[in-house]
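Given as structure tokens, the chain that follows is alone and in the form predicted alone.
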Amino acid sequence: MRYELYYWPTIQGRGEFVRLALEEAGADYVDVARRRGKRGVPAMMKVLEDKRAARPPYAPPFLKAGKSIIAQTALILFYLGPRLNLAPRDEAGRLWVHQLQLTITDLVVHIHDTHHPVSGWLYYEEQRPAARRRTQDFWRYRVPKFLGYFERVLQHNGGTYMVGRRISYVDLSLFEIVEGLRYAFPKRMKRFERKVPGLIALRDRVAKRPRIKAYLASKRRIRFSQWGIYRYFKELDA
């Protein structure tokens, strides 16, 4: 099957978690909105704005697989996992991977809110004091709790992968979390990494996987910028 991924063409964002899974599996897919002309962003907006659709997606990312349209990052990965051999075969294992991915989804919200704690409709410069306060709380409470939790799960599973003995989409997603935090908070992350050596080693293992390595070096991998989930502001990286 050829999958169609719909997400904004200039940012990694939440769509990157899906891209990493598709790339690791060597899946046949097209990143629709990155196509030129009417076949790109206008095609994505046509799906979003279709008032006749009985089950429309709320927002990108969403995936078209045959006649099915699946939205929400964690649900897309829950669907793709067994099909791309990136999730356990048993139901309990699939639910456990999904639970971990939903926890990652919670963490992503906290990361985004460090630079936009008041409103996504306001510029960062309009909420600077709140962003500084939110970032302090994020690194004091949220990062140790979330990354400490994932570190504990990883070590309990033997220290190589998060679930079972094979890579899953959760491992790929945690790679993206580490990469994003390194971009947004290089100084803070460098100090914190010694507390989660297992996650850092996991990140390194994922980066060395042949298909992921090739993807990261390709033009298909959108670079981090000031328009995604992870944004660098010097004053927040004290």
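Each residue number is its position in the shown sequence, starting from 1. Worth saying up front: this structure is predicted, and the values here are computed from it rather than measured.
This protein has a second form, the form predicted together with a further copy of the same chain, left out of what is shown; the following refers to that one.
Colleague: Quick one: which of 206 to 214, 29 to 37, 45 to 53, 193 to 201 gets within 4.5 Å of a further copy of the same chain in the predicted complex, going by heavy atoms?
Modeller: One stretch meets the cut-off, namely 45 to 53.
Colleague: Given that the partner is absent here, does N85 sit within 4.5 Å of a further copy of the same chain in the predicted complex, heavy atoms only?
Modeller: No, no contact at 4.5 Å.
Colleague: Given that a further copy of the same chain is not shown alongside this chain, does I177 nevertheless sit within 4.5 Å of it in the predicted complex, heavy atom to heavy atom?
Modeller: Looking in the predicted complex, residue contacts with a further copy of the same chain do not include I177, since no heavy atom lies within 4.5 Å.
Colleague: Are any of the heavy atoms in R134 no more than 4.5 Å from a heavy atom of a further copy of the same chain in the predicted complex?
Modeller: Close contact exists here: in the predicted complex, R134 approaches a further copy of the same chain to within 4.5 Å, heavy atoms only.
Colleague: Just to confirm, I70 within 4.5 Å of a further copy of the same chain in the predicted complex by heavy atoms?
Modeller: I70: yes, in contact with a further copy of the same chain in the predicted complex.
Colleague: Going through 76 to 107 from first to last, which residues have a non-hydrogen atom within 4.5 Å of a further copy of the same chain in the predicted complex?
Modeller: In sequence order, F78, Y79, A92, G93, L95, W96, H98, Q99, L102, T103, D106 come within 4.5 Å of the partner.
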